[in-house]
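Consider the single chain below, provided in structure tokens and representing the form predicted on its own.
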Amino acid sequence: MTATVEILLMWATVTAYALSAALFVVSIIFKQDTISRIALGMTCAGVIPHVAAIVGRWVRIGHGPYIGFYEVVSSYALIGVVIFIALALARKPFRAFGVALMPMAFLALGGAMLASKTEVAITPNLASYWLVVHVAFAKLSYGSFITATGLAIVHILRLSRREVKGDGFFASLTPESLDDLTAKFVSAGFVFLGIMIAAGAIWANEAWGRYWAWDPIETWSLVSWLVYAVVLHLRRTMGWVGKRFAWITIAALPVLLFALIGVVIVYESIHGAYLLIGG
């Protein structure tokens, strides 16, 4: 696949995600189940060129989507959308989750498309089994936390409409089920993030001869993990459930996003050279 074809596929994905986001918002406002089905179909249609573009680039340049802002953010958006599709297909009421997730996916992918798309080959000192493990669990952790945040947003929307009767989108999507699922995704993301940090330390030792150097990205990854440890502590020890847990889950996401994107903009980091390569 050529770079031109890849970019065309990515813009087709951005368009599909934008239409999906708009349709989900309209379906919630006007309580139209038919529109939500169309929105979900548009989401699935957008995943096809998204996967094709990522795989095509992977084959062309010889490594997965983990070097450069464009590759990294695009892959995180894809994981979040795939998780949403799985939930929506498993249980119809979870289509409502699209009103939170699809705008985030559209904005993330739109931002990625404005970044540099320079193709960079991975260097021998970075090529490692532990790099694959580190990246895989990074994507799983961020995908889980983004999904948890989307569920928390839908939870708050559901609570605001508790007394609405005959609401086809929220009637069978109980606050209790949303609360439980949000907690499960936060827990999964917490475990995945811990594995990511551990695998990253081993990889760093292979690549740079040290396990930990308090590099800004290393430090903020640890901060993110501790923030979510507090979130889980508040739930399991302090009994935070329902709206309070939803709000604290939403509040934690900016810390995670700063660790992913903001740190390399604010600080000089050895990781930043690879995350923002070419731009």
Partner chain sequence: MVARGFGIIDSRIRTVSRIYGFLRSRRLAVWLIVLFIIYVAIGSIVPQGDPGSSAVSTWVAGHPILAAIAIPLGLNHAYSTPFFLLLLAVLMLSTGACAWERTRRVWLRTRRDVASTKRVADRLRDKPTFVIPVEKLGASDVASAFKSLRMRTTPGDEITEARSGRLGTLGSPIFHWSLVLLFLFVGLGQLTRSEGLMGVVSGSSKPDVEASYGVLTTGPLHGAMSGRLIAVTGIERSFSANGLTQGPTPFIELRDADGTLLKADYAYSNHPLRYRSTFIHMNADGLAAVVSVGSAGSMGQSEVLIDYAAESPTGVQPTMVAFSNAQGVPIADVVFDLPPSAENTVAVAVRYAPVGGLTGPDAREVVLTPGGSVALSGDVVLRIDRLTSYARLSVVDDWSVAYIYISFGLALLGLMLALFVSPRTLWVTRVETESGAALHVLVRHARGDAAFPTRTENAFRASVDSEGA
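Numbering follows the first chain given and starts at 1. Not measured: the values here are computed from a predicted model.
Not pictured, yet referred to below: the form predicted together with its partner chain.
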Assess the spot marked by Met1, Thr15 and Arg91: is its partner chain within 4.5 Å of a heavy atom from every one of these residues in the predicted bound form? no
From the candidate stretches 24-32, 223-231, 63-71, 47-55, select the single one in contact with its partner chain in the predicted bound form, where contact means a heavy atom within 4.5 Å. 223-231
Of Met113, Ala136, Ala198, Ala86, the only residue with a heavy atom within 4.5 Å of its partner chain in the predicted bound form is Ala198
With the partner omitted here, the residue among Ala108, Ala188, Ile156, Ile79 that in the predicted bound form has a heavy atom within 4.5 Å of its partner chain is Ala188
Do Ser160 and its partner chain share at least one heavy atom pair within 4.5 Å in the predicted bound form? no
Just checking whether Met238 would be counted as a contact of its partner chain in the predicted bound form - the rule being heavy atoms within 4.5 angstroms. yes
Using the partner position in the predicted bound form, report whether Leu173 sits within 4.5 Å of its partner chain, counting heavy atoms only. no
Taking 4.5 angstroms as the cut-off for heavy atoms, does Val120 touch its partner chain in the predicted bound form? no
